[in-house]
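What follows is a single chain, given as structure tokens, in the form predicted alone.
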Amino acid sequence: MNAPESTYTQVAWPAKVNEIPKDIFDREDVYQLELEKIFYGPEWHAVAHAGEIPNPGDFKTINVGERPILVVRGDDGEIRTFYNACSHRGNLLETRVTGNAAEFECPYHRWLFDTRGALRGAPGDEDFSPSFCKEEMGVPTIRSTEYLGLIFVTCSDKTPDIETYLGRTKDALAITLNGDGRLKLLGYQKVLYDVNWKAYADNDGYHAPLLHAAFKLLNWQGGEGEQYGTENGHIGFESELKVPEDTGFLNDPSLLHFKGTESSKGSAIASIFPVTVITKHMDMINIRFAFPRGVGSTEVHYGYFAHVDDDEEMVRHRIRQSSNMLGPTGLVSMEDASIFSRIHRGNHTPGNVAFQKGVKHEDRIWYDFKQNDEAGNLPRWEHYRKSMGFNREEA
């Protein structure tokens, strides 16, 4: 049982906007408040893309915070979102991560639901309570919307419409989703990181050329670019990416070819608060669905996509590039898991963390940054602080 909210509010938040208290990364009371204020609060959470469930009966399960979600394409072709729980006694209805089903049966008492969530049968219903109404006992729904094929859900009726919520980040989202969002799934890589969800989402533009050895080995060259934040805590990023033909480190340098068939300079990121990241690096289209598994663990599903109009050669190119370059063991991201773990362990020490690269002000938030500034994360932290109700200390 969650403790009363009043016991959660004792957080000493620094006066400077570029400082964050370390203790928020490992406190159980703070995590419980995050579930209520953020994951179950007025935020949209990306839980699927339409390309993952293209056929009637296709489904996907995932979490929002610690609440299980079931996303289903009904037999009428419409995508619906439900809490993954039987309407009878709350038993988890579907345990598979993905699949196709004509119906969903709860194994506890054999209540049967169709792909539109309606209750079709319940053994022994002639002996049910006087108020039982079959038509009112469908799988419980959760508010949802769709944007460029991305399926968002929210646990709150106060969350604004999706376009207002995304704001300026809509431009970056369009680039990362290949312009029109008409995607088809290539596959997944899934990982459980030993890190608090906020530290996972705190990845920045400063570290990339310094941490990831592949950038040096492959002689990747960045060009012009921009990074911006929003008042809702989202981050948009786009930059040029110039990759040499051959550096001698790959037997097949075509792995790095950028065919450039989309309206992208080479690298784009849309980071949607609280914890969804969509990337378009070269010809890789990657949606990272993530959710916390407690204070010190974050589960991430790397979904890789092609465009529905791609020919066979382009699909093969995207598969090879995606499976080798990104993800938990990708050439340009394999160091992340180690850093996430070390950040989480290091944050158990007292004091504050302090952002430096690109910090122009210490007393107020701004929203436009250079592409390699770590300060681009500060609007996200300000949105987090306000959402949680933490007050700054006086300067």
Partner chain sequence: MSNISTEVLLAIDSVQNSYIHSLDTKNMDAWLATFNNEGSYICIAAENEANNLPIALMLDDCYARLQDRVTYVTKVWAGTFEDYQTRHFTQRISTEEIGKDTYRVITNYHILYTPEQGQTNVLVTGHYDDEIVLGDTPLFKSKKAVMDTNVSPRYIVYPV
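Computed from a prediction, not measured in an experiment: that's the story for all the values here. Residue numbers count along the first chain shown, from 1.
Below: the form predicted together with the partner chain, not depicted.
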On the criterion of a non-hydrogen atom at 4.5 angstroms or closer, are Glu299, Tyr304 and Ala337 all touching the partner chain in the predicted bound form?
yes
Arg320 versus the partner chain, in the predicted bound form: is there a non-hydrogen atom within 4.5 Å?
yes
Contact label in the predicted bound form: Arg345 to the partner chain, heavy atom within 4.5 Å:
yes
For Gly187, is any heavy atom within 4.5 Å of the partner chain in the predicted bound form, or not?
yes
Is Leu112 close enough to touch the partner chain in the predicted bound form, meaning at least one heavy atom pair within 4.5 Å?
no
Checking Ala174, Leu255, Ile79, Ile162 against the partner chain in the predicted bound form, the residue with a non-hydrogen atom inside 4.5 angstroms turns out to be Leu255
Testing 205 to 213, 86 to 94, 233 to 241, 112 to 120 against the partner chain in the predicted bound form with a 4.5 Å heavy atom criterion leaves exactly one stretch, namely 205 to 213
Residue by residue through 316 to 332, which ones have a non-hydrogen atom no more than 4.5 angstroms from the partner chain in the predicted bound form?
Arg316, Ile319, Arg320, Ser322, Ser323, Asn324, Pro328, Thr329, Gly330, Leu331
